[in-house]
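A single chain comes next, written as structure tokens; it is the form predicted on its own.
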């Protein structure tokens, strides 16, 4: 795609973010494109649906996977109105999206009250030092599922 096409799709993500503020949602929008064609759009619905995972990127990924009937979005490009949070970035990697373009930075988001810095700092800490009390329990029993998966011959790798 050329620069004008990238700008076209980014403008769509930005438009979604602006429209979403009027809907009562957060100021975030995302668009997923494959071979120059729109596959999915998403916008932040955290407060609209009372679902902390309904960020624009996750919403768009869910829609794209449903439309394409796959969990593998290789060959897709995501345009997002803001640099993704750790959850969304993880989802983008897990979905195997090939390219990402973003507009606002995480510092821009932080300046209006959407900060991810806490999460980045927490992830770097040992479990015992995190604000979320974290304990490991029953690992030996849980390994049974991993062993069953390891031995399964007809599994679908992801």
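Basically, rigid core = biggest C-alpha set you can superpose within 1.5 Å across the two forms. Positions refer to the first chain, counted from 1. None of the values given here were measured: they were computed from a predicted structure.
What comes next is about the form predicted in complex with a further copy of the same chain, which is not displayed.
Enquirer: Taking 4.5 angstroms as the cut-off for heavy atoms, does residue 50 touch a further copy of the same chain in the predicted bound form?
Expert: Residue 50: contacts a further copy of the same chain in the predicted bound form.
Enquirer: Counting only non-hydrogen atoms and a 4.5 angstroms cut-off, does residue 37 reach a further copy of the same chain in the predicted bound form?
Expert: No - in the predicted bound form, heavy atoms of residue 37 and a further copy of the same chain never come within 4.5 Å of each other.
Enquirer: Check whether residue 86 has any heavy atom within 4.5 Å of a heavy atom of a further copy of the same chain in the predicted bound form, and answer yes or no.
Expert: Residue-level check for residue 86: yes, a contact with a further copy of the same chain.
Enquirer: Just to confirm, residue 32 within 4.5 Å of a further copy of the same chain in the predicted bound form by heavy atoms?
Expert: Result no; residue 32 lies far from a further copy of the same chain in the predicted bound form.
Enquirer: From first to last in sequence, which residues of 91-130 have any non-hydrogen atom within 4.5 angstroms of a further copy of the same chain in the predicted bound form?
Expert: Those in contact are 91, 92, 93, 94, 95, 97, 98, 99, 100, 101, 102, 103, 104, 105, 108, 109, 112, 113, 114, 115, 116, 118, 119, 120, 122, 123, 127, 130.
Enquirer: For residue 125, decide whether the Cα shift between the shown form and the other one is 2 Å or greater, given a superposition on the rigid core.
Expert: Yes, shifts by 2 Å or more.
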